[in-house]
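Okay, so here's just one chain, in structure tokens, the form predicted on its own.
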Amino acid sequence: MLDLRLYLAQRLSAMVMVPFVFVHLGVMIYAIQGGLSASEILGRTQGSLFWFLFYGMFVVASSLHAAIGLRVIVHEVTGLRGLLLAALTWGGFVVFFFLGARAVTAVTMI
């Protein structure tokens, strides 16, 4: 039953990430074709609550998605199960989340 829930959670997180990826890529392509440099793009995102929330939700969805995916890989490769596998999954989520949150706060300066 847990495997089914995790499978569904990973699929849901993938569906949540799709619009974030399209918006991110679209904005970056539009900005670069408009002649903006990376520092100019970052300058426009700083202090923006919208971009903070946008990338914050992106980090949550991608952290969840990655942690569940790595759980499956670790189980298939090592055969780990139970509490140790759960601890590794949560540990992966926490690491991914804090790395992503650090990047979001560094870029948006909120």
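Numbering starts at 1 and runs along the sequence shown. Every value quoted in this text rests on a predicted model; they were computed, and no experiment measured them.
The same protein also exists as the form predicted in complex with a small molecule; that form is not shown, yet it is the one meant from here on.
- Query: When the small molecule is placed as it is in the predicted bound form, which of 62 to 70, 45 to 53, 80 to 88, 23 to 31 ends up with heavy atoms within 4.5 Å of it?
  - Reply: Contact criterion met by 62 to 70 only.
Even though the small molecule is not shown here, does it sit in the predicted bound form so that Leu99, Ala103 and Thr105 each have a heavy atom within 4.5 Å?
Not one of the three qualifies.
Item to complete: Please run the contact check for Met17 against the small molecule in the predicted bound form: heavy atoms, 4.5 angstroms, yes or no?
Response: The answer is yes: Met17 has a heavy atom within 4.5 Å of the small molecule.
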